[in-house]
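In the form predicted on its own, a lone chain appears below as structure tokens.
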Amino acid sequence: MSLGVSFDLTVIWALLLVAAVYIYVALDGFDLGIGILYAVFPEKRDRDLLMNSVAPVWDGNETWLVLGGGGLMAAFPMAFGILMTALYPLIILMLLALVLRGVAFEFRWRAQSRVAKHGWDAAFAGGSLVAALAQGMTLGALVQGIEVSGRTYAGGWWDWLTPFTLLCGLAVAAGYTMLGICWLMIKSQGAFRARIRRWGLRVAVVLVGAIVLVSLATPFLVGTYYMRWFAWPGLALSAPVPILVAVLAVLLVQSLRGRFGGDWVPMALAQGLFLLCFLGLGISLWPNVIPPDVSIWEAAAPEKSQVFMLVGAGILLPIILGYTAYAYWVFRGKIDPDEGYH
């Protein structure tokens, strides 16, 4: 017996998953960026400060990745099966990198020798960079399209490895590094903050350049993308996005130069850039969960399953949001360089 709400439920679940992925990027992005920044801060005191800035909150950030992956498997099982088959090497690489950085996070504090500490530092930095690159390449592989036959993946083992996916990987890594810098602008002070500000200006240039290159390449990947970005009436919806990106990019650079705003302004502007990038992806992909041919309705779970899961999500999401907000509130404020977390 039909519940008569399949359309609404499918759209709701799609929006919930998009929200979970965005929140993951917004939160875990900056602590992955902290790990990437290890490469430019080789001194132990600086690295301890970087680590202490995210130590109380980093593991809770990854809750959203679990929610996004689990929600995709439950609400869109067909899409989950196709994506896992098509992107298996990237997904495994990302998960291994996240495990490695998680282990390194704890073990570096207990390392007795200088060699061991440097080894765990390298593992933390390398795991952060590899995870960021893998996430960006996963996104790029999805955007460029996945070959499907019926309900199964019909492409090859290496279809995910293209110049476009590599560009997306670098763009996401640059974006995460920018978020890490903005987080440190909030948490640090004095001479260290001034150094962070200088690195922020450099990374901002790389990030904006990467966004431009990805944006120029995307409309030519799939025919429908081009129509949505450059043909009427899609142009009416898409045109404000690059304009707003340019405005936020200029404001971000000015805020990093100290021309206006407080500690939180660079982070708010960087998050705004990520939000606009998500909006641009939505314009290109909607309503397909696997471009160019598989829509959210074709990949959706049965209605009753969606209803059952939505009840659980309605209970869990406020709890997750609540404890996340509480953790950030408790550990707010500047970091004391002489005070460790462990």
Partner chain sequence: MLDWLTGQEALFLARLQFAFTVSFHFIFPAFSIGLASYLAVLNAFYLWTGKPIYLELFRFWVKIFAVTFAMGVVSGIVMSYQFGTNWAVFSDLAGPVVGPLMAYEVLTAFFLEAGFLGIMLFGRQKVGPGLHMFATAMVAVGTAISATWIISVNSWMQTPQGYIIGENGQFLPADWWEIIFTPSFPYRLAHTLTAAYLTTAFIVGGVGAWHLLKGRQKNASVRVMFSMAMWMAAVVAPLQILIGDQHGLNTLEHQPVKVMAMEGHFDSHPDGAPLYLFGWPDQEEGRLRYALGIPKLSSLILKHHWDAPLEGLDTVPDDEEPPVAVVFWSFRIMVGLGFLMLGVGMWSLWARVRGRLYDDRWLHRAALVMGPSGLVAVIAGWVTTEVGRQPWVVHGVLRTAEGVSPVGAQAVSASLMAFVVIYFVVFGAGVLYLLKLMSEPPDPTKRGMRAEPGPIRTASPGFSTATVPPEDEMLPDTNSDTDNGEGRTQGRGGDAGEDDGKGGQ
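Numbering follows the first chain given and starts at 1. For clarity, every value in this text was computed on a predicted model and none was experimentally measured.
FYI, the form predicted in complex with the partner chain isn't displayed, but the following is about it.
Contact between Gly261 and the partner chain in the predicted complex is not found at the 4.5 Å heavy atom cutoff. For the chain shown alone, Arg228 is not a contact residue for the partner chain in the predicted complex, no non-hydrogen atom being within 4.5 angstroms. Interface membership of Lys187, defined by any non-hydrogen atom within 4.5 Å of the partner chain in the predicted complex, is confirmed. Among heavy atoms of Phe308, some come within 4.5 Å of the partner chain in the predicted complex.
Within 4.5 Å of the partner chain in the predicted complex, a heavy atom is found for every one of Lys44, Phe107 and Trp157.
Listed stretches are 55-63, 33-41, 270-278, 284-292; the contact stretch with the partner chain in the predicted complex is 55-63, by a heavy atom cutoff of 4.5 Å. Note on the partner interface in the predicted complex: the residue among Val245, Ile91, Leu170, Val253 having a heavy atom within 4.5 angstroms of the partner chain is Ile91. Residues from 92-108 that approach the partner chain in the predicted complex with a non-hydrogen atom closer than or equal to 4.5 Å are Ile92, Leu95, Leu96, Leu98, Val99, Leu100, Gly102, Val103, Phe105, Glu106, Phe107, in the order they occur in the chain.
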